[in-house]
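Read the single chain below, which is given as structure tokens and is the form predicted alone.
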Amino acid sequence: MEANTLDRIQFAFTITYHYLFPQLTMGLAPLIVIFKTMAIWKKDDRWNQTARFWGKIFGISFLFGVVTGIPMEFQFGTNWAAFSKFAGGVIGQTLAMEGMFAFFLESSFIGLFLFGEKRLGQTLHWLSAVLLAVGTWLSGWFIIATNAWMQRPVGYEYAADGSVHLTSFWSLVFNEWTIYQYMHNMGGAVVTGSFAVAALGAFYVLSKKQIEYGKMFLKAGVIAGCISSIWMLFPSGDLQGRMVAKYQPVTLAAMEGLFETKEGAPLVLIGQPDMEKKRLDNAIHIPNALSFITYQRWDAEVKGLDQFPEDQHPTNIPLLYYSFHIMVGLGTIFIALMVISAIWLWRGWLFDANWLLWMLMLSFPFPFIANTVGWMVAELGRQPWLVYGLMRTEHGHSPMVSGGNVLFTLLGFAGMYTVLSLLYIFLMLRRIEHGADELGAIK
């Protein structure tokens, strides 16, 4: 296997594993602020206990996110040196700011939040939760800005050596793609955090370990999950889709399995792309819906893959197509589950509806899957470009690193992450078990 392919596999593996942790911490951060706000507003120490409980889960997940994030930074220099040389003058700005400002803000205030409540008092402790959330979400902004520049390069110029340098910091940070991608990405993180809170609440109610706090977790998780799941469809998903149609129309065609340009293009629900015959087999679709969603006209023309040279097509159209439809399918299920749960909560039926509690409890892994395939859509859709329109992926890897070296380190990462996974599961199970006892100790 070529070194370039192994480089891509290694980075995909490490970043996919790493992102399991930040999406949970970014999703929990605003919920912890809400818990702390409720404690002060209602003068109810149960919400303080809830904030502390989820703060500890945040802290464990944050630690694992740091450990798994460090190898990714080094890969820019080891596996992707040509890319770093070409684009380092641009993306180095946002990556440095993420490390120097957002990360330090986040890591500082997680310590104050977890260990400083008695000394800080309620108001300053609430402020530490707010600043923790700000640091967490600011970190996400700088990372998204980096990726958005690779999707839609702006604010740069070529240097004499062929690399690119930044000409406008504000264009980089407030890239149009950054704004909409950030809205969609952070909404997905809140979905993950909300489902985690609701799932644990359902577990506590079903197991009768901590019914009182389980009901509180369920209320918060279901309400936040309902809002964030709908947000993912509209407006954030709609706006992100328009961005793809505007700047990467070939990606939109591949995502939708649209091989031929059509006026009144249908929205495909189910189908299998046949790359040899360039068609979609066994398709079930909604007539004209893609045209309306994309351009707000039922008869609008949507460009198909036939309008673009084949060397500009995404390199793995079937995987892109299936990833997109898995993401959309799961998102639709999330909306249905959370809307039903919210109605049951409003009517006072939720806590006695064991069938619905089981569904909530077992649903918690699926937002992680949805966020993962969502990022696969973004990265597969950009191919064959590493920086869209400027640098192709095969030109970005390190020519001096052999495939054998990459394979060796990939196997090493796989072994190390297996151990980390077992450790994380062990710590989470202990936190859930001991957390129930700690919650029950406060009356």
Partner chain sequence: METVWFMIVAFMLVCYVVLDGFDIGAGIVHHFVGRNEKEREVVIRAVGPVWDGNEVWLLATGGTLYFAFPALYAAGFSGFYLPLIMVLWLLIMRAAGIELRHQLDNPLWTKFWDFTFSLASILLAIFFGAALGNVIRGVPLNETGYFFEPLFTHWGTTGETGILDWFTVLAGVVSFVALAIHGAAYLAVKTEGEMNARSRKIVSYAWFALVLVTIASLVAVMNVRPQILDNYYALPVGWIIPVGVGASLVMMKLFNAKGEDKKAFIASGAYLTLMLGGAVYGLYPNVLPALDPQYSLTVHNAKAGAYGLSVGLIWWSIGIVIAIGYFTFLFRTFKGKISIDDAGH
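Numbering follows the first chain given and starts at 1. Given the structure is predicted, the values throughout are model-derived calculations rather than measurements.
Note that the form predicted in complex with its partner chain isn't included here; everything after this is about it.
- Put simply, of Pro249, Gly264, Gly241, Gly92 only one has a heavy atom within 4.5 Å of its partner chain in the model of the complex, and it is Gly92.
- Only one of Ile34, Val67, Leu390, Ile40 comes within 4.5 Å of its partner chain in the model of the complex through a heavy atom, and that residue is Val67.
- Here the marked residues Thr16, Ser323 and Arg347 all miss its partner chain in the model of the complex; none has a heavy atom within 4.5 angstroms.
- Segments offered: 376-384, 41-49, 26-34, 413-421. Contacting its partner chain in the model of the complex at heavy atom distances within 4.5 Å is 413-421.
- At least one heavy atom of Ser84 is located within 4.5 Å of its partner chain in the model of the complex.
- Interface membership of Asp299, defined by any non-hydrogen atom within 4.5 Å of its partner chain in the model of the complex, is ruled out.
- Although the partner is absent here, Glu73 sits close enough that one of its heavy atoms falls within 4.5 Å of its partner chain in the model of the complex.
- Within 4.5 Å of any heavy atom of its partner chain in the model of the complex lies no heavy atom of Tyr213.
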